[in-house]
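Have a look below at one chain only, the form predicted on its own, in structure tokens format.
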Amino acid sequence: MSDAALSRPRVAFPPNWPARIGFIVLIAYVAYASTILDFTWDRFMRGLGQGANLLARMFPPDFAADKMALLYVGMTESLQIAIIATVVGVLLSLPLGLAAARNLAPRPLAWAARALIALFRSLHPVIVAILFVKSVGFGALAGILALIVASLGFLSKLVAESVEEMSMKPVEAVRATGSPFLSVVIMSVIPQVIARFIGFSAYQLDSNLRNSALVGIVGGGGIGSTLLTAFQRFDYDFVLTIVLAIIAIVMVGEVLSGWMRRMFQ
């Protein structure tokens, strides 16, 4: 190393000019997008006043017997939608995820499975629910199918990544015995990924509990349909009751999913 290089002072934290330029461009684009999307301070302040008026009309929540009967029916249907979609999605996502693992499946099969998973992940469950409502009509079936698609997109990708990260030594050992592919999967693949797969499934159940309300708003059945009807009737005190019930169910689902993840770690 030359004397000039040795005498040159070191910079402890050299400036990252590409990152700085990228940040400036991002800020400039945010400012530009705000000007063309009709985002104004006056409109924001008016929205705060209207929001306060809406909240005032929501209190106190309505716990009348006839409303609670509607809430029970809608919430029960949402729970059924979420549980059925999760179970079917879990059962279908395991083989699809194994097919998408590039260290286990043939390359053409793996890329075809990954393309299918990317297709499932490209659309929000609400958009998929709208498509199924147009196909099979209003009701719980459309919601179940939409959440199955969402579950497949999420779980299959995580299963494929878990399989690709596992150790191949147990797989090679079982293959050396001349075992068929199904035995290889059962004896060497499943034991390595089952704990993470159960954790992923528990999280997907929690996600489906939330999304069951969303798909119901567009006609997929469940508590979302009840919520939309209450909004259309300006029955805001009952809207608050429904929202509180949804929050309670989601919190219970979060506790259960956390318990399941701890049980199988």
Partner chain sequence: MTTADVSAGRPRQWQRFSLPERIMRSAFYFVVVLAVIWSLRTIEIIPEFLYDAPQQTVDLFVRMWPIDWGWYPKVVHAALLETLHTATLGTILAVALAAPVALMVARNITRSIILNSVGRFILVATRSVHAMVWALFFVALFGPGALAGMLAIAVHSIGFTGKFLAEAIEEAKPGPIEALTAAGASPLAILIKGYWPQVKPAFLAIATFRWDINVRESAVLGLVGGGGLGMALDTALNNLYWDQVGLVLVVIFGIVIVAEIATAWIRSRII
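Positions refer to the first chain, counted from 1. As the structure is a computational prediction, the values presented were derived from the model and not from experiment.
Keep in mind that the form predicted in complex with the partner chain is missing from the display, and what follows is about it.
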Candidate from Ile83, Leu109, Ile186, Met168 lying within 4.5 Å of the partner chain in the model of the complex - any heavy atom: Ile83
The partner chain contact in the model of the complex: Gly137, any heavy atom under 4.5 Å: yes
Ala56: touches the partner chain in the model of the complex, heavy atom cutoff 4.5 angstroms: no
is_contact(Ala65, the partner chain) in the model of the complex, heavy atom dist at most 4.5 Å: no
Interface membership of Phe197, the partner chain in the model of the complex, 4.5 Å heavy atom rule: no
The partner chain in the model of the complex: contacting segment from 97-105, 175-183, 139-147, 160-168, heavy atom within 4.5 Å: 139-147
Interface residues of 14-38 toward the partner chain, as seen in the model of the complex [heavy atoms, 4.5 Å]: Leu26, Tyr29, Val30, Tyr32, Ala33, Ser34, Ile36, Leu37
